[in-house]
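Encoded as structure tokens, the following chain is the form predicted on its own, with no partner shown.
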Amino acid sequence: MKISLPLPSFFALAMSGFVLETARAVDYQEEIRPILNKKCFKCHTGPKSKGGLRMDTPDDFAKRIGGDDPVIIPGDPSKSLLTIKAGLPRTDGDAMPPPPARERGAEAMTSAELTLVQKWVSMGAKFEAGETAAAPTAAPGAPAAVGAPTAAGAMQTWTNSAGVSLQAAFVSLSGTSVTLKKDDGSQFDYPLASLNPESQALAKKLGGQ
């Protein structure tokens, strides 16, 4: 199924399941790492990290972002274990930090901290501005990792000229419109000129222009 959408429909899509964000990216080093350092590193650093999840180095953390055993699904905090467990009621045994750790003084994320981490995940879980967290090397023939920054068919963050962003996969670029695909498989056309300069450049790059 393929439909053409005028500019207002971009907003409607964002409100009906796509990620709605401002154009400003969340800075991992300045905003996210301090939260993780305070709330997660006590259990998730070093070679003996709980659950095999080491978060203190980007290279180790990236191994669990996307891939076969993810704690973060780039672009989807509702399916990411990190944000799911951080948001569970404190009485839930699966909540992070777990009850035994809380008894030893570990603190859960505040509502504001969780919201910021969710936004970071929604915008692709990037470690540096303009770059997506590196994913483990895929085996030959394996599908591209979700969130790969330049792979056609992978989920990308697209931002329009009004600063509203959504997650969709690039399909094609034809004339003055770009065809994108939602995660449910449906496709839609969007005017190239109505995207912001960065998204226009991404569409042209993926379209081979």
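This one's a predicted model, so the numbers in the text were calculated from it and none came from an experiment. Numbering starts at 1 and follows the sequence shown.
What comes next is about the form predicted in complex with heme C (HEC), which is not displayed.
You can rule out all but one of 25 to 33, 163 to 171, 48 to 56, 176 to 184: in the predicted bound form, only 48 to 56 has residues with a heavy atom within 4.5 Å of heme C (HEC). Residue contact check for residue 82: one or more of its heavy atoms lie within 4.5 Å of heme C (HEC) in the predicted bound form. Although the partner is absent here, residue 124 is not a contact residue: none of its heavy atoms lies within 4.5 angstroms of heme C (HEC) in the predicted bound form.
A residue is said to contact a partner when one of its heavy atoms sits within 4.5 Å of a partner heavy atom; residue 63 fails this definition for heme C (HEC) in the predicted bound form, lying far away. At the 4.5 Å threshold, heavy atoms of residue 116 stay clear of heme C (HEC) in the predicted bound form, well away from it. Within 4.5 angstroms of heme C (HEC) in the predicted bound form, the stretch 169 to 188 places no non-hydrogen atom at all.
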